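A lone chain, given as structure tokens: the form predicted on its own.
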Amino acid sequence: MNQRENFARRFARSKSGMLGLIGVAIIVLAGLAAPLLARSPAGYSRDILLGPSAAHLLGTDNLGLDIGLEILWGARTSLYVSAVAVLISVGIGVPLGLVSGYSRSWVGETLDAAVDIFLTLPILPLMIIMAAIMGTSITNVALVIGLFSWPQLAKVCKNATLKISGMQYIEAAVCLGYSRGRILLHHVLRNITGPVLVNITLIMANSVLAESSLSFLGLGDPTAWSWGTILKRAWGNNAVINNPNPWWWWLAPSVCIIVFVVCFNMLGTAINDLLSPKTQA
């Protein structure tokens, strides 16, 4: 049995990992299938602030729009933002982490110092400033989140590279005259995919939290449905304190954000536990 098959079998026995994977799969499928299932909510209707029913499973908002459809399209936005943030983080963080962890020259020290500086920055205030400057399109929001998500991944890659670069097979590759690029790509990168994968799940979860926060503050895309935008509209219309309280309006997006974050965290934790040397012993 090879390592991948062994990992797959052990993962299948992890209850938390499988639960997180199922949750992630449902969210991903819902987001991808949103255009096939229903049109994006728009306009208004007479069904204003109706509670959950057979006609509207999650109720309606102050415009009479179906909150279930808003949630469905909000999942699509969350996936888009998370995917862009992951691509940017991997594109910046992994190369910097590899070079700073493997290089023993001033280049590695400079890159490591730059990563440390980024890790000390107040992320949310800077995100708010950049989002306000760049504009409120969903792509700009995703770019802003991605530009502040890579330092942690770079640090993880650097630490993993430092550990691997001292192993005998790396020393053997150096003695055989392999180039640094070949060693990093074919010998180091292949062996740090576990920590990178775990960190990617955390970036996905944190990206949704960041996007929801920016949207709630009014810096999200007003033309795109997002869970943070739904919460902002509910709060702006006093849905939280109204009597009678239209609880379904703010509860549904809140639960979705929590479920998204918890599922990705459970998935990442399970992968991390299975890759730990203690569990493999």
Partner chain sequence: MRRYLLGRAARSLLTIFISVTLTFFIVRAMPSNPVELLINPYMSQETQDMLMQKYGLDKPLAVQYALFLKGLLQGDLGVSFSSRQPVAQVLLQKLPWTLLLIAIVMALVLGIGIPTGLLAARRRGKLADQVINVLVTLGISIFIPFLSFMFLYIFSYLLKVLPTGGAYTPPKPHGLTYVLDVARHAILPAATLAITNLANVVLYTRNSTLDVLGEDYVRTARAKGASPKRAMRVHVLRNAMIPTVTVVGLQVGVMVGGAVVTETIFAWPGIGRMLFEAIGALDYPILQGGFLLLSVSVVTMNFITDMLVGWLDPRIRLGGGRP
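On a predicted model such as this, the values are computed, not experimentally measured, just so you know. Numbering follows the first chain given and starts at 1.
There is another form of the same protein, the form predicted together with the partner chain; it is not shown, and what comes next is about it.
Peer 1: So which of 32, 63, 57, 217 gets a non-hydrogen atom within 4.5 Å of the partner chain in the predicted bound form?
Peer 2: Partner contact (heavy atom, 4.5 Å) among the options: 217.
Peer 1: Under a 4.5 angstroms heavy atom criterion, identify the one residue in 38, 48, 26, 240 near the partner chain in the predicted bound form.
Peer 2: Of 38, 48, 26, 240, the residue with a heavy atom within 4.5 Å of the partner chain in the predicted bound form is 240.
Peer 1: Please name which of the stretches 179-187, 84-92, 119-127, 166-174 has residues with heavy atoms lying within 4.5 Å of the partner chain in the predicted bound form.
Peer 2: Heavy-atom contact with the partner occurs in 119-127.
Peer 1: Is residue 262 close enough to touch the partner chain in the predicted bound form, meaning at least one heavy atom pair within 4.5 Å?
Peer 2: Result yes; residue 262 sits at the interface with the partner chain in the predicted bound form.
Peer 1: Classify residue 21 as contacting or not contacting the partner chain in the predicted bound form by the rule of any non-hydrogen atom within 4.5 angstroms, answering yes or no.
Peer 2: Heavy-atom contact with the partner chain at 4.5 Å: absent for residue 21.
Peer 1: Using heavy atoms and a 4.5 Å limit, would one call residue 67 a contact residue for the partner chain in the predicted bound form?
Peer 2: No, no contact at 4.5 Å.
Peer 1: So in the predicted bound form, does residue 257 come within 4.5 Å of the partner chain, heavy atom to heavy atom?
Peer 2: Contact with the partner chain, yes.
Peer 1: Mind checking whether each of 99, 161 and 192 has a heavy atom within 4.5 Å of the partner chain in the predicted bound form?
Peer 2: So, no: the whole triplet misses the partner chain.
Peer 1: For the heavy atom contacts within 4.5 Å of the partner chain in the predicted bound form, list the residues of 198-236 involved, in sequence order.
Peer 2: 209, 212, 213, 216, 217, 219, 231, 235 sit within 4.5 Å of the partner.
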